[in-house]
Each structure stands twice: as structure tokens, then as C-alpha cells.
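This document opens with one chain alone, in C-alpha cells, the form predicted alone.
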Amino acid sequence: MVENQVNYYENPLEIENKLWSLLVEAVKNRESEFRTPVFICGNKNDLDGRVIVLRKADKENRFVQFHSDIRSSKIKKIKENSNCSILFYGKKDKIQLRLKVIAEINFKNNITRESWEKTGHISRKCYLVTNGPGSVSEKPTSGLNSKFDNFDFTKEQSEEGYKNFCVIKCKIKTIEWLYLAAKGHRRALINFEASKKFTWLVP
């Protein structure tokens, strides 16, 4: 068992297979530690991070994506600087992943329509808030109109949220992988720009 573990974390191909299996599994498994990474965007004057929910992981085309409200403050930041970062950590697998990505905002197109159709009408609640996320309020509020501030609204009513729905598609430039092991950590960088390159790093 120990030998297999050593073979895994010192084998570039197996490392890449492992990290992609974690990302793909996170999309389907609500219990996965890799399902809710931290997305970081901004510029030299205003760097910001927030937890997002991973909605797609595509190994072949090297991208991940998540949903957002088009009125969110991160949209403006991405428009100003599409170079972003995504941080994952799984305590069980003892793996940290740091992705550097180019973020693309998809709004009212085929990508958003496909994702919207797969989103349950209760989950669409996030996009039914009257004012954008982060808007100032004079009192504690869900931001929802009273007709939506419950679980009784219909799927047809939830369609109103589509006008605020967008998909952030993140093309991966690099993935930095860190494995924490009692016998000695391992760290590596996979660069997907130009031709793919694997480089070992000191942990």
C-alpha cells in the first residue's frame, strides 16, 4: 500500500489523472471537498476572493466553470482583468490545487442556456434577488421579493432569474499540485500553455 502511494505521487501521468478525477467527481458529488473552491480575481489595487460551486470540469478542453449573477462585483473585476486563480484543498486526499486561469463571462448564450436548463428551480433562487449581490440594504434581507422568499414558487416563475444568470468559464493555464505526505511532501507544476510541460517543484 505504501509503495502504491509512492508510485502515485512521483508519477506525472498518475498525478494528472488523479487531480482531474477529483475535479470531475466534485461536479457530481455534493460531499466532495473539491466542490467549493475559492475563486480569486481583481487587480493590483483590489484583489478579492470568494467560495464558488464547481459546475463543470472538462479534462479534454482544459477548463472548469461555475455560475454567477451578472450583477456580482466579480463580473466587473473579470472584465478588467481576466487572469484569475482558483484554490482547492482536500483534507482527505491531502491535496492542494492552485489553478491559474483565463476567465470568460458567458451571458445569454448557448452556454448559459444549457447550464440554466440543468439548474433546478429551487437553486435558481439565487438569481431572483431584486438587487445585485452585495447591494447595500437598510435591514437584514434575503434580497428576494416576497413571492420568491419561500419554496413555493414554480419552475415557470423561476425563469425570471435567467436575466441575471451567467456562467464563468475558466480556461486553465497552469495547475500547481501539492501533496502532503508524512514521508515528504511533493509539489509540481503542469503548464498547459503552448505545449504541456510538467515540472517538479520543491514543496
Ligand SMILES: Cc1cc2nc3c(=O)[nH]c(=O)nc-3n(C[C@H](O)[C@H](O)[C@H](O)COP(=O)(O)O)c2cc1C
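Remember, predicted model here, so these are calculated numbers, not experimental data. Sequential numbering from 1, following the sequence displayed.
Just so you know, the form predicted in complex with the ligand exists too; it's not on screen, but the next bit is about it.
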Interface membership of V136, the ligand in the predicted bound form, 4.5 Å heavy atom rule: no
The ligand contact in the predicted bound form: F66, any heavy atom under 4.5 Å: yes
Interface membership of K59, the ligand in the predicted bound form, 4.5 Å heavy atom rule: no
S72 within 4.5 Å of the ligand in the predicted bound form, heavy atoms: yes
Among 171-179, 49-57, 156-164, 23-31, the region lying within 4.5 Å of the ligand in the predicted bound form by heavy atom distance: 49-57
In the predicted bound form, the residue from T141, N43, T36, N145 that sits within 4.5 Å of the ligand by heavy atoms: T36
